[in-house]
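This document starts with one chain, in the form predicted on its own, laid out as structure tokens.
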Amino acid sequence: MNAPTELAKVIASQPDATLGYKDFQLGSFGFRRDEYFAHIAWKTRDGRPLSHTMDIGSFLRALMRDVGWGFFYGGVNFDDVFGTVNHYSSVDMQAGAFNGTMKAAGVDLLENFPTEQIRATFEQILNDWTNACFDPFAAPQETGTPYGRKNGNNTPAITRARELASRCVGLKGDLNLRSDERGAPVNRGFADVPQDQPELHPEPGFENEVHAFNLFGFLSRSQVTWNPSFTSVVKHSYMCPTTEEHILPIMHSNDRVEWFFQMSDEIAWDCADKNTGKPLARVIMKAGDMAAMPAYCRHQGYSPKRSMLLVWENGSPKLVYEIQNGEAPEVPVSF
């Protein structure tokens, strides 16, 4: 086992003399950016050189979620070719391993890395390739361009702490409510959302046990998109609402069932087999709709205007292994 200091070492070049960006290497994968694109190179299982190109904005938005979410539950597919799979103490990085055509052609590659090692490399790529004017967590209309030559950094934006309640938002000693004073004004898309809070009249002695807050008001002040946070936690039951605008920057491959409640507006979801990418369904969710994504699917959402989505996660660390062993179902209900 490598020591933590060894795992934190990142292989990077000197900045390019013209563009200003560094190249990075992790295992058999190489990463390079120019003014418009990210280029990922690897050698196939039989030793042939192969490469993949992504729009740099799409790449950075996906990389931001992978870093910010700690590689999330299951697979984070940047697109149909490249992505990661979380094993909770290590992470697979893959190119084409979950693309049926590339897999059949034998041009895919999957390598496993300790979480600390891949996190350190991804954090440095994100920091070096994100310019001062671009926020990969923001909606496209609320940020500058990701394109062009090296122009500073945006470290405050890419190192935002994810808002995680330990019991419930607004409860004494827990995550505070959002406010103008905390730098969280109401978003332009939610100007009509009431900001009043519910009245509470607990019996004496239960003041710290009974709690309620305006969830719509809380979400209306979110400054980021496609970034679920914990607003209430009961053992491994996590309520993770979020605000969505434009495109979910990744295709999320579930390793457990994930429940969605559309709280406002509309999101269209493309659902596919998580191993091959074969299309499974198109789901259009409108305000009041509920859906569940089974553990065998990947999904990507499209929100034409800023909307609110409540995501419910069973965060049990045992659940993924219970599903793999056939001890828990891949679907939310069997008819």
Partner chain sequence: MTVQYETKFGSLKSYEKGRVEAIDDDVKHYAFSNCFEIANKSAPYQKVVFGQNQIYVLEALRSEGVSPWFTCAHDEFALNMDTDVEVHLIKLDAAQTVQDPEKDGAVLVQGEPRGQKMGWMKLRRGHQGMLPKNTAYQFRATEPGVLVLQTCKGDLSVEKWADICQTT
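Keep in mind it's a predicted model, so treat the numbers as computed, not measured. Numbering follows the first chain given and starts at 1.
Below: the form predicted together with its partner chain, not depicted.
Can you tell me which of 259 to 267, 148 to 156, 112 to 120, 89 to 97 lies within 4.5 Å of its partner chain in the model of the complex, counting heavy atoms only?
Of the stretches listed, the one contacting the partner is 259 to 267.
Please identify the residue among Ala139, Leu171, Val81, Val107 with any heavy atom within 4.5 Å of its partner chain in the model of the complex.
If I apply the 4.5 Å criterion carefully, the residue I get is Leu171.
Met285, Val67, Ala41, Leu26 - the one with a heavy atom within 4.5 Å of its partner chain in the model of the complex:
Residue within 4.5 Å of the partner: Met285.
Please determine whether Phe72 contacts its partner chain in the model of the complex, using a 4.5 Å cut-off between heavy atoms.
Because no heavy atom of Phe72 falls inside 4.5 Å of its partner chain in the model of the complex, the answer is no.
Do Gly301 and its partner chain come within 4.5 Å of each other in the model of the complex, heavy atoms counted?
Flag for Gly301 set to no.
Partner contact for Pro202 in the model of the complex: its partner chain, 4.5 angstroms, heavy atom
Yes, Pro202 sits close enough to its partner chain in the model of the complex that at least one of its heavy atoms falls within 4.5 Å.
Would Ala8 show up as a contact with its partner chain in the model of the complex if we use heavy atoms at 4.5 Å?
No.
Contact check in the model of the complex: Gly189, Pro294 and Val331 versus its partner chain, with a cutoff of 4.5 Å between any heavy atoms. Do all three pass?
Answer is yes for this spot.
Which residues within 203 to 223 place at least one heavy atom within 4.5 Å of its partner chain in the model of the complex?
Result: Glu203, Phe206, Asn208, Glu209, Val210, His211, Ala212, Phe213, Asn214, Leu215, Phe216.
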